[in-house]
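Consider the single chain below, provided in C-alpha cells and representing the form predicted on its own.
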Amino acid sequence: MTRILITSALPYINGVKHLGNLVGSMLPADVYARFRRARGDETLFICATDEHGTPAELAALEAGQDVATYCREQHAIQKEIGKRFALSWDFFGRSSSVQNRELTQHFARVLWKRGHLDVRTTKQVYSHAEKRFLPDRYVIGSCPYCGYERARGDQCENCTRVLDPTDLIDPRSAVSGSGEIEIRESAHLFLKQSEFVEQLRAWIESHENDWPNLVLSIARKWLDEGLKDRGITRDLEWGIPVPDDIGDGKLKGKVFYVWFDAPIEYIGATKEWADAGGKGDAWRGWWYGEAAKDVRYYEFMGKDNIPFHTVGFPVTIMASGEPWKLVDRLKGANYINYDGGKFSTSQKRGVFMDTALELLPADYWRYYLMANMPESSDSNFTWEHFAGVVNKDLADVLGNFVNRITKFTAARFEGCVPGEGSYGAEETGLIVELDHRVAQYSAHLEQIEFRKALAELRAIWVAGNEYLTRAAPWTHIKSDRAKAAAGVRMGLNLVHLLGHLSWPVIPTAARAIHEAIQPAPKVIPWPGEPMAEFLDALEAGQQIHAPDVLFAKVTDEQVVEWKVRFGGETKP
C-alpha cells in the first residue's frame, strides 16, 4: 500500500500568518491529508516553523526578547492557532531543533566532501546605520529586470527572479531606510547548482504530466535563464553554525543561509516526530533508501517558494549522492490578494489567522479559501464576496438542507429514521447523479485540483436540496405517509453522506453533521461505493437529532464593521 508523505511550506516565525499564507500551503496540505486518511492511506503530514535568518533577529529585538525565547514563544502561538484552524499536522516542528541542526550539518559535510561546495569571497552589503552586514532580504531597491521598486536582495517578489543585493538599483537598508551602505568582502560557502542543470531539467520534465503549469513554468524559467551557484552561508549570529571541518578554516562564525536549512527541516521535523513518539528510526522509512520506495511525497507552497523546492532543495538531495526522497507531486499556489492589494505580514495588511478566528469559526474560512484557492491565477479577497459565499453556500445550501430534514424528522417521525415506503424514480435518479458527482469529487481531490473539487462538493449539496424540494415530504405527510417516509429516509442518508464528504474541508461542521445521524470516528472515512448501498444504509428506527444552526449568515453590518477594522476598501 502506498504511504503518503505531505509537507507544507514552513510558516516563518515572525508573527501570526495571514490568510494568504494559510491558503497557499498549510490549508490545502491539510485538506489533502484528511482526504488521504479518509481513503484509508497511511499518511504523515509534517510542518514546522522556519526560525532562522535576520527577520527573526529583528522581530525579537522589536519584542525586547532574545531570539531563542522569541522563537520558542512564537512557535507555540503558531502551533495553537493552527490547531484552532483544525490543521491536522502529525507533527509541527522547529527548524532550530537539534535534529535539523544535525541533518543540515550532515548534508553540508557530505556536499563538501563530494566537491559540490566551495568557498568564495563575495561582495556583501554593509550598513553603517546598523553597523552590520545586511542579509540579502534586508537590502531593498529596484529590480533590474522588471523595475519593481521594493525588490529584496534575494528575490523580486514581483517577477520571482532570484537576485543578489548588488544587482539592485539604488539599494538601501530595509531596516533603517538608510542608503549609507557599502560593499565589503566576506568569505562564504557556495553550492554549485550550475553543475546540476541537466539533471534538474530531466527530473523536472519527468513531472510534466503531474505538476501544475505554474510550477513547471517557474522551474523552467530558472533553468532557461541560467542557473547560478548559490551562497549558502551568512554573517549572522542566529542560525545553524557551519562546522569547523568545512571551509578550510575560512568560515568561522558563519551560519547556514535559512533557505539551505529550512527545506531540510522537512526531514528534521519527521525525525522530531519519531523522537517525540519513541519511534526510533521510523523517520528514515519515510525519507531514505529502499524503505521509502513505497512513499509518495506531496509538497504544498506559494509560488514564491517554488524555485527553492524545484532547484535549491533538490540540488542538495542530488548532490549528496544519498538515496533521500525527492518530491513526487508539487502543488504551487498563486497569491490571494486582499481587497485589491497584497496581504502583507510586515505591513500588517489583511486578515490574519488569529483575528479571523475572533470573527468566525475556522470552517467558514476553510471553505471560502479552498473554494477560491488561487490555483490558475491570483485571486482577490473582498468582504462582500466572502459574505456572499458563506451565506449562499454554507448557510443556504448546506446548513439549510441538514437543518430542515433533521428538524422535520424530529417533528413528524419522533426523531427516528422511518422504515416505511420504498425508493422510486426520484431516488434512483439522485443515486445515479451522486455516483457520478462523488467519483468526480474524489478524482479532483486525488489530482489536488481544489477549486474543481469544491465546486463538485457544492454541487452535491445542491443536489440534496433539489431532491428534497422535489420529494417534499412535508407535503406528502398529509396524504401519503409512506412516500413522505421514503423521502425523509433518503434525506437522512444524504445528511450522513455529507458528513463524510465534507470532512476534509470543513471538519468541525462535518463532525456535527455526521453526529446528527450517528457517532463520528476520529477519521471520518470516505463513503463506500456504490451510492445505492450507502444511501440506504441507515436502519429503520435509528434515533437521529437535529443539530444547532451550522452556519450563521454574515450580515451587511458585519461587512461594514470588518472593512473599517481591517482597512478594506474594494477597488474599482
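No experiment lies behind these values; they were computed from the predicted model shown. In case it trips you up, residue 1 is the first one in the sequence shown, and so on.
Form predicted in complex with the RNA: not shown, discussed below.
Contact annotation for G399: at least one heavy atom lies within 4.5 Å of the RNA in the model of the complex. Contact check for D435: no non-hydrogen atom falls within 4.5 Å of the RNA in the model of the complex. Proximity of D304 to the RNA in the model of the complex falls within the 4.5 Å heavy atom cutoff. In the model of the complex, the RNA lies farther than 4.5 Å from every heavy atom of Y297. Exactly one listed residue, out of S97, Q440, T355, S379, brings a non-hydrogen atom to within 4.5 Å of the RNA in the model of the complex: S379. Among L359, A86, A274, V162, the residue placing a heavy atom within 4.5 Å of the RNA in the model of the complex is V162. Only one of 498-506, 415-423, 223-231, 244-252 lies within 4.5 Å of the RNA in the model of the complex by heavy atoms, and it is 223-231. For the candidate spot formed by R481, L494 and R511, no residue has a non-hydrogen atom within 4.5 angstroms of the RNA in the model of the complex. Residues V549, L550, F551 of 527-552 are found to place at least one heavy atom within 4.5 Å of the RNA in the model of the complex.
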